[in-house]
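Consider the single chain below, provided in structure tokens and representing the form predicted on its own.
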Amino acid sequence: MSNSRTPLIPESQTSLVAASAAESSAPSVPEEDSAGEATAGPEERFDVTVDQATFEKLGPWQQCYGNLFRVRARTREADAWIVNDPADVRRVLISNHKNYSKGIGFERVALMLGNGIIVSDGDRWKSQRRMIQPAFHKQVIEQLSVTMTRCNDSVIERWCRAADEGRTIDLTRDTSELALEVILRSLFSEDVDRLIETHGGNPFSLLVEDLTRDLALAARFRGLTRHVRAILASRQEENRMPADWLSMLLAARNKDTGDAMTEQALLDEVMTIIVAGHETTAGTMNWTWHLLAANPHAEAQLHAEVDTLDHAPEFNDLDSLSYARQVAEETLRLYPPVWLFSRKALGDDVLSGQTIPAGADIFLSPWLMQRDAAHWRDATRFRPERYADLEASELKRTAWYPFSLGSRRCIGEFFSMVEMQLHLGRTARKLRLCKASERTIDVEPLVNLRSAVPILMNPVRR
């Protein structure tokens, strides 16, 4: 990654190799805060954010200071509180969520996504969420599953040719391209082909080609709104309303006022759906095949499940793909795409008996909780079958939150899970994906938890 570009989310240059083995600093002596209550946390001053340095420090700090501790700010006005107790996380995200607004980092994300539902807060967020929600109804996802299967079959066909020719595939790039095509065709349907024909390629492919996620990319991506405007104009001129998400967003009306979205609000939501719907699913599919290739017993169980069907899985077969779903859920446990959530305390609150002052920056990490041996048996092992047990089923409600929790739980969760189940099921019927090398794959913990290098695979026909 070039150092000449300003990062969208600040990055450090320290290595991830020692992340799990890093030695924590000695515990600080509890100090008295302004409220006269004892606090614990590291002695050093540090600005917690979504970057590699924070990723390396959180694990050792948690081991040293427990599931609630304070990190004194280095340059910010407010100190950070790291929250990793399930009851506290649920209080912040569910039972007392009105006391917490969006936190550190979202102002930079807004440069790329505008004021869509990931970034917005308050009444605007509520209004937009209500207007968008029908587009993610089960019946709509069922219709869009046809798009998912077509896109997957095209990729599977390419992988089969690679298997026949003995070629290695770049799994990371291919899953990124696949997830991007699914989300674009779900949004724009027939207009994707028009866009490609007009411009001699897909302008949105920059999300696959440029992995920097810095301010320069944010500017380039926001520039793509001109293509969305052009699609809107052509639909209006031709009086077209294809059966896709864009048409549903255009038809959406505010429940209270009857108003449609403004053009700017519509553009912000479209750009948000593209990024959120592409990156999280692409990353999860990438990690899933990496884990399956390293765990033959899980791969064999997935194959056994899909082999019970006499056809390639479709939407109506999802109930028969329970293990495929468990594979996706276990991947999300070990590699949650959003590994650090942030909130800002609007008023004082009490977590685990500790007063959290108004203005405090709150950080919650699925990466920490979902790998915590205090909650999960064999916490670092890939065991999809664990979700067939009642214990793990309960843990999914208390200590598993890759899609967040509460009212701000990801609106696209069902869409993403359907997409991953169909991808796994249709691919596993025809192919095995085997590791092309024994190279260690580290994580890159920036906006999303990605593989630090492309994962290469050798496809083999079954």
Ligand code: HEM
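Remember, predicted model here, so these are calculated numbers, not experimental data. For every residue, the number given is its place in the sequence shown, counted from 1.
What follows is about the form predicted together with ligand HEM, which we do not show.
The listed set 178, 302, 82, 276 contains one residue whose heavy atoms approach ligand HEM in the predicted complex to within 4.5 Å, identified as 276. A heavy atom within 4.5 Å of ligand HEM in the predicted complex is found for one listed residue only; from 112, 267, 207, 118, this is 118.
Looking at 409-417, 64-72, 43-51, 427-435, the stretch with residues near ligand HEM in the predicted complex, meaning non-hydrogen atoms within 4.5 angstroms, turns out to be 409-417. Interface membership of residue 337, defined by any non-hydrogen atom within 4.5 Å of ligand HEM in the predicted complex, is confirmed. When contacts are judged by a 4.5 Å heavy atom cut-off, residue 183 counts as touching ligand HEM in the predicted complex. Interface residue remark: residue 284 is counted as part of the site for ligand HEM in the predicted complex, having a heavy atom within 4.5 Å. Contact check for residue 91: every heavy atom lies farther than 4.5 Å from ligand HEM in the predicted complex. Annotation for 318-332: the only interface residue with ligand HEM in the predicted complex is 332 [heavy atom within 4.5 Å].
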